[in-house]
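The data below hold one chain only, encoded as structure tokens and taken in the form predicted on its own.
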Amino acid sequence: MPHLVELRNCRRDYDNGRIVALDDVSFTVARGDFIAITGPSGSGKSTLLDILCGLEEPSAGEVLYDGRPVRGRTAWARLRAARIGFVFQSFHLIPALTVAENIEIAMLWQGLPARGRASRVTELLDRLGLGDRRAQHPMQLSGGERQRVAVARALANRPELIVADEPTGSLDSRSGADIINLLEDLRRTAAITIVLVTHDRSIAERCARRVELVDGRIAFDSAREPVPEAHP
């Protein structure tokens, strides 16, 4: 069975090659992985995440999803709408919409009838402990509750992959731990693959796999077997 996502010798540069964000990165994501991408500021973490889900395309190399190359904005847009959910540090909720409407908006382009969308919203709110918040607006919620709404929105279209860019970065330690607990539960009970960027080592250590970037290259991947020492 092919990997869910595979990057092959991907490079991403800017300003006619003067700035290199990723340098010849090869990287695979298996179904069921829970991966933390770590590294210092400017190491290429967010660029790797963006290329992995087609928000950016590599300057060189290719990305395969389910064993097939994905090229072009249209192909990526269709794939993201059907199979990938997103969680961001700053939530990206629409202030003028209610909690329920913020979740439902993710389903408007899927052709699901209004009754089906409403049922899915209720299911997600109940699962994430937000059933009594459906008519409230984002600014009426705590940071942890807003991030739970963002997770619910990411789940609306039943994705197989969730990518999260610093999902606990705007939260206190308790709320951040709650979000990681939630993601762990989703991975276990809903068979969702999760790739997240984090600067928090305690969060990274809770993930099943850790990948560290330094200067646009993978410096460490806990999934790789250590190279045996040579003996005379």
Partner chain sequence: MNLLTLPARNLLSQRMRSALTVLGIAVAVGSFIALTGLTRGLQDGYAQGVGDVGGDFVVAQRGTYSLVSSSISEELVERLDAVPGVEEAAGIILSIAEVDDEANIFVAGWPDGSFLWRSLVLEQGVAPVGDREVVLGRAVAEALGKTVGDEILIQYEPFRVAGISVPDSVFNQNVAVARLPGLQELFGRPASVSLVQVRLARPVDARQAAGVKAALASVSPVIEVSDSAEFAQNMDFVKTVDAITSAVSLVMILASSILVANTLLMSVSERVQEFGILAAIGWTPARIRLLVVVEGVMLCVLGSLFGIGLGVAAMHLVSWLRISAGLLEPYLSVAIVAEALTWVMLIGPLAALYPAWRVTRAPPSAALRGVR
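Numbering follows the first chain given and starts at 1. Everything quoted here is computed from the prediction, not taken from an experiment.
Unshown form predicted in complex with the partner chain; subsequent notes refer to it.
Contact label in the predicted bound form: S142 to the partner chain, heavy atom within 4.5 Å: Because no heavy atom of S142 falls inside 4.5 Å of the partner chain in the predicted bound form, the answer is no.
Contact test in the predicted bound form: E101 vs the partner chain, heavy atoms, 4.5 Å: Close contact exists here: in the predicted bound form, E101 approaches the partner chain to within 4.5 Å, heavy atoms only.
In the predicted bound form, D50 touching the partner chain (heavy atom, 4.5 Å): Close contact exists here: in the predicted bound form, D50 approaches the partner chain to within 4.5 Å, heavy atoms only.
Heavy atom of L93 within 4.5 Å of the partner chain in the predicted bound form: Result yes; L93 sits at the interface with the partner chain in the predicted bound form.
Location of the partner chain contact in the predicted bound form, chosen stretch of 52-60, 35-43, 176-184, 201-209 [non-hydrogen atom, 4.5 Å]: Heavy-atom contact with the partner occurs in 52-60.
Listed residue (R158, R127, R134, R78) with a non-hydrogen atom within 4.5 angstroms of the partner chain in the predicted bound form: Flagged contact: R78.
Within 104-129, the residues that have a heavy atom no more than 4.5 Å from the partner chain in the predicted bound form: Heavy-atom contacts within 4.5 Å come from E104, I105, A106, L108, W109, R117.
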